[in-house]
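Shown next as structure tokens: one chain only, the form predicted on its own.
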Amino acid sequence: MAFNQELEALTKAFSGHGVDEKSLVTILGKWDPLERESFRKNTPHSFIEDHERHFQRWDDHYVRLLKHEFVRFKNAVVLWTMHPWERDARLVKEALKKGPSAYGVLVEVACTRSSEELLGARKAYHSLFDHSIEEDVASHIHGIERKLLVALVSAYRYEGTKVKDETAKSEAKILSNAIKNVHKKPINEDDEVIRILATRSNKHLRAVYKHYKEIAGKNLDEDLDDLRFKETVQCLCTPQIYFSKVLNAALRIDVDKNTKKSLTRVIVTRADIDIKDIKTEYHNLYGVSLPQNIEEVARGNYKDFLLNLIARG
């Protein structure tokens, strides 16, 4: 392989989700000092030229990004081998540390796990951190989101098949009226809306979702401007669409490291549950298969591990 081809291959090895370890070993391992210098000079996004002292040094910001890419495979393996209760407890703790930009993870855990799974995560949280999820959510979150998020993580929903259609229709009207009157009373202060979303079963809420569209002519999540309420409705009523959108955002090359982490989180947590349905929905939404998109964007062992998890579905 000519040097220019090797340079292109090595640049590609560093430029995705994860790194291409095989290319690093086969190419970097045989380059002499002049070839390595040429690499530094030809990748200005990674190296800064010190013209006064005549050498090229790594860009500190890029090194920090690269560290995250090198550990992406390790983090995926560690997360996959965790007990699901511990995994969810640690995801919640990390989201609370990161702040409002990560609170969607709290919604995801609270609304896409079964009642027993969420209860298990709460037990694991006790064991790991000597606090309850509920008290930490209540004490760490001080904004308008607190009331909804505390209610969601405290839930223990009915999971049977019975749904009272008249009640679902009545609650769809409650939601419709709340959204129409949001200028009078913000949705995040409406106790009835929070009660419906935090206590009703998934089957019941899907019936509410259906009736809402009949009443309003639009899907409930489309009419909600508040991000947390929108995420809550999607996680409860259309989880495969929600996860497809999270994955698609995470697979963009230009996103920040926290958004990229969603790729690992979603595939690891859904591989044994509904990854097949997510793959179908992803293709319906974006016209490309999820494995194909991962093949194009991800690199090395990280890519292979994700594709293996998806294949389980």
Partner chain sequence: MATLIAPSNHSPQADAEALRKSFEGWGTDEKAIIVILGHRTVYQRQQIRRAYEEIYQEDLVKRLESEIKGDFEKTVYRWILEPADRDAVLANVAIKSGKNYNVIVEIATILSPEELFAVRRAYLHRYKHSLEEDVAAHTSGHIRQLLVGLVTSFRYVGEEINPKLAQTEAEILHDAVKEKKGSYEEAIRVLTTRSKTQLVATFNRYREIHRTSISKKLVDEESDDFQKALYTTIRAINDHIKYYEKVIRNAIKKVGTDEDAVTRVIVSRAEKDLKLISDVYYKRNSVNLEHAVAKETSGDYKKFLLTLLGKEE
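Residue numbers count along the first chain shown, from 1. Here the structure is a predicted model, which is why all the values come from computation and not from measurement.
Not on display, but discussed next: the form predicted together with the partner chain.
Quick one: which of 73-81, 236-244, 188-196, 106-114 gets within 4.5 Å of the partner chain in the model of the complex, going by heavy atoms?
Of the options, only 188-196 has residues within 4.5 Å of the partner.
Let me know the one among E94, D165, D226, E134 whose heavy atoms come within 4.5 Å of the partner chain in the model of the complex, would you?
Residue within 4.5 Å of the partner: E134.
Out of K213, R146, K173, R206, which one falls within 4.5 Å of the partner chain in the model of the complex, going by heavy atoms?
Selected option: R146.
Taking any heavy atom pair closer than or equal to 4.5 Å as contact, tell me whether K98 reaches the partner chain in the model of the complex.
Output for K98 is no: heavy atoms all beyond 4.5 Å of the partner chain.
Find out whether any non-hydrogen atom of A102 is located within 4.5 angstroms of the partner chain in the model of the complex, and reply yes or no.
The answer is no: A102 has no heavy atom within 4.5 Å of the partner chain.
Since only the chain is shown here, I'm wondering whether S139 would be in contact with the partner chain in the model of the complex (any heavy atom pair within 4.5 Å).
S139: yes, in contact with the partner chain in the model of the complex.
Can you tell me whether K169 touches the partner chain? I mean in the model of the complex, with a 4.5 angstroms heavy atom cut-off.
Residue-level check for K169: no, no contact with the partner chain.
Even though the partner chain is not shown here, does it sit in the model of the complex so that R40, R53 and Q56 each have a heavy atom within 4.5 Å?
Contact check failed for every one of R40, R53 and Q56.
Can you list, in sequence order, the residues from 150-169 that come within 4.5 Å of the partner chain in the model of the complex, counting heavy atoms only?
Heavy-atom contacts to the partner chain in the model of the complex: S154, A155, Y156, R157, Y158, K162.
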